[in-house]
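Here you get one chain, nothing else, as structure tokens; it is the form predicted on its own.
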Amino acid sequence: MKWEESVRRVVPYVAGEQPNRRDIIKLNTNECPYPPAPGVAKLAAGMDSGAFRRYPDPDASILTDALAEYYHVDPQQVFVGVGSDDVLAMAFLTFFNSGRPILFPDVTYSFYDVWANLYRIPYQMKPLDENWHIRPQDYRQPNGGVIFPNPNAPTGVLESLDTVEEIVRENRDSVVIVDEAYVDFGGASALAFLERYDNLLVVQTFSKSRAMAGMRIGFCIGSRKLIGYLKDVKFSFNSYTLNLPAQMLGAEAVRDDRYFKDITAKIIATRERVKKELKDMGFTFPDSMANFIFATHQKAPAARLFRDLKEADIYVRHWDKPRISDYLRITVGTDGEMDALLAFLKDDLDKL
């Protein structure tokens, strides 16, 4: 067809499976295994029709004000979107336009190269070292921007704040995006550097530690100038991206700090216990500081374990990609879910 010659073609991002069944153990998309803060459900149940029939505030002031207060920044330093994916996509569109390649790790969130290809942004992937860490010297070159997750996905490895600051400091002429989707599970945030670096953008999400993946709430914090440019692009694209119920429920989640800290502590405790049990079974893995474990086994190929687990209705994540094809990414679920996973793996490994 002649018209196909003008179609923008990209290889799309492939999300984790979302089986529409309740009788499974779902450990493949890093969702929180616990419900959101109690006030979220209470507020949702009492919402009147105005939350649905009226356009939302384009500035999402209810939510941005709550986030600004929580993180001790000015509301003009906060930008929200439909999940952190929306925020990141807007950031790519806004800041990565120099024609020079943007830089990110070779093992990283697999949406980065998709956005780069979609927006026709040149890019270079910089290899992580043998221990899955970033090599800061790889980011000391002319570039059109830098992005990396911390902790990393899918490895779970956390970079020190010294490493993060070095990369930001050495790239003052570019925007550096630190994707902190998993920082609440044991990491220290780069938000500490905002006063020093006006080229730093820190992105976080409600999908993991705040148990609201279904509401699609993401946000970033940066200098007023960076956020102003982001808003200009957003309002040129779609002013009403985040619906009003999401804004209201997100703000309610932010207000319940005790619940937030309780469930993240619970997930961390489960993660550390499961690490020990997996190690006893012969698995090896980087020291995850996220809500998942990136594990491999010397005797059992990851593809086989993935298949066996799926047949038992236990879903984990596997990628047939260079460097990581023999690893499984296992979301930390409830203690009961992880016990079931461990019991199955022990039995499966005994058959080797």
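Each residue number is its position in the shown sequence, starting from 1. Values in this document were obtained by computation on a predicted structure and should not be read as measured data.
Absent from the display: the form predicted in complex with a small molecule. The rest refers to it.
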For this session: Go through L226, L194, L88, I121 and name the one with a heavy atom inside 4.5 Å of the small molecule in the predicted bound form.
Result: L88
For this session: Would you kindly say which of Y109, Y259, W132, F185 lies with a heavy atom within 4.5 Å of the small molecule in the predicted bound form?
Result: Y109
Exercise. Within a 4.5 Å heavy atom cut-off, is S207 in contact with the small molecule in the predicted bound form?
Worked result: yes
Exercise. Should P149 be counted as a contact of the small molecule in the predicted bound form, where contact means heavy atoms within 4.5 Å?
Worked result: yes
Exercise. Do A153 and the small molecule come within 4.5 Å of each other in the predicted bound form, heavy atoms counted?
Worked result: yes
Exercise. Might R216 be said to contact the small molecule in the predicted bound form, defining contact as any heavy atom within 4.5 Å?
Worked result: yes
Problem set entry | Segment assignment from 173-181, 270-278, 138-146, 97-105: heavy atom within 4.5 Å of the small molecule in the predicted bound form | 173-181
